[in-house]
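The chain below stands alone and is given as structure tokens, in the form predicted on its own.
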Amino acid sequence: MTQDIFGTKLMSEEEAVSKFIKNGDQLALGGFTVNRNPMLIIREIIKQGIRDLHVVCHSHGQGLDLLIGAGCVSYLEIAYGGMGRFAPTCIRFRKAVCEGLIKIDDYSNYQMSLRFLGGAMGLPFMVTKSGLETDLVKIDGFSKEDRGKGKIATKKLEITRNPFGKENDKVVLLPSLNPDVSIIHAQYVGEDGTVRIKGLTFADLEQANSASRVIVTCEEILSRSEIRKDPDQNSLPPFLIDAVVKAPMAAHPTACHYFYDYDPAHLRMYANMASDDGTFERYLKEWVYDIPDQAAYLEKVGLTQLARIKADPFLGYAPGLDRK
């Protein structure tokens, strides 16, 4: 075992959150809707009472909804928030927006991807034609007073003339993103801190490369010799990673390709409880505040349900799973 990850980077979720995430941070969430949400870290953020977060993400689901519902988020920049058929629009997210509990600005999926890519490349902005003639470029979700606060860009975007094109050839300039912290869940991390994500990576790699600090939860830790096999399968180098938390099923109730599918029973239960303030508070108590660690969380989920969502090692998902 190398001193690098096991001496300084391997830690518990409590240590990772308390050391690297603070009130008011701009936080990027890895994963996509019901896939690879970094749920363990999100629950720990809630338990530690971290507030006033400025969340930025491509498209998200259960993790985003839980953070917003627990009152941890003040600002949000996002393309989409939903939990598939269980909540086409995230429930606490919708409520917070409608009641003015959070301030939000929206971009397209492609625009958010470009913004993270720009941050990863060290560029102040990215250029695109995406969004021209849509309300995305016409409506600013943040007020003039909010513009320029913290890491909020002074403008949502800028439409300008293509200097290499004709007079009426317009392009959109998008402000790049450099989050304070990016949190992602991966299948594997090597002893040296190398991260390997199997399946779709969504915007996780751009988010990690653009962030000042990166926290990774993982299903398994591989030996140095194992992680060096098939190096083309590796996703992020060790020097980008600040904290590694080994926690099997840390993305539950969302899916982790090749390890487990999303949990339809839990997502359905959550959707029912999230629709009412009182039952949502009960969900937070039963599934967040009263759970001391990941082992206790999985015990509460139950061995029977964990077996139902176990992924086929070749297909990567659970065939025959009742998804109703």
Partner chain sequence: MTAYSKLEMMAIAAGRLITDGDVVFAGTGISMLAATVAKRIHAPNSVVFFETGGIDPSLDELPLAVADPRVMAGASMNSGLIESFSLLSSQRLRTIAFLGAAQIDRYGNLNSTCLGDYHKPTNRFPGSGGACDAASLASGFIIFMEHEKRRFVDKLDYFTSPGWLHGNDSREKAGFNRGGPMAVVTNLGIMTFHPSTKEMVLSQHYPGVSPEDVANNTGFDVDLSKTSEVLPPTELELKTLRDQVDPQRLLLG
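Being a predicted model, the structure only gives us computed values, none of them experimental. Numbering follows the first chain given and starts at 1.
The following text describes the form predicted in complex with its partner chain, which does not appear among the structures shown.
- With a 4.5 Å cutoff on heavy atoms, residue 24 does not count as touching its partner chain in the predicted bound form; it lies far away.
- Using a 4.5 Å cutoff between non-hydrogen atoms, residue 105 counts as a contact of its partner chain in the predicted bound form.
- Contact annotation for residue 75: none of its heavy atoms lies within 4.5 Å of its partner chain in the predicted bound form.
- Residue contact with its partner chain in the predicted bound form: residue 133 places a heavy atom within 4.5 Å of it.
- A heavy atom within 4.5 Å of its partner chain in the predicted bound form is found for one listed residue only; from 191, 206, 242, 219, this is 206.
- Scanning 84, 71, 238, 248 against its partner chain in the predicted bound form with a 4.5 Å heavy atom cut-off leaves one residue, 84.
- Comparing 230-238, 209-217, 140-148, 175-183 against its partner chain in the predicted bound form, the single stretch with non-hydrogen atoms within 4.5 angstroms of it is 140-148.
- In the predicted bound form, its partner chain lies within 4.5 angstroms of at least one heavy atom of each of the following residues of 89-117: 89, 93, 94, 97, 98, 104, 105, 106, 107, 108, 109, 110, 111, 113, 114, 117, in sequence order.
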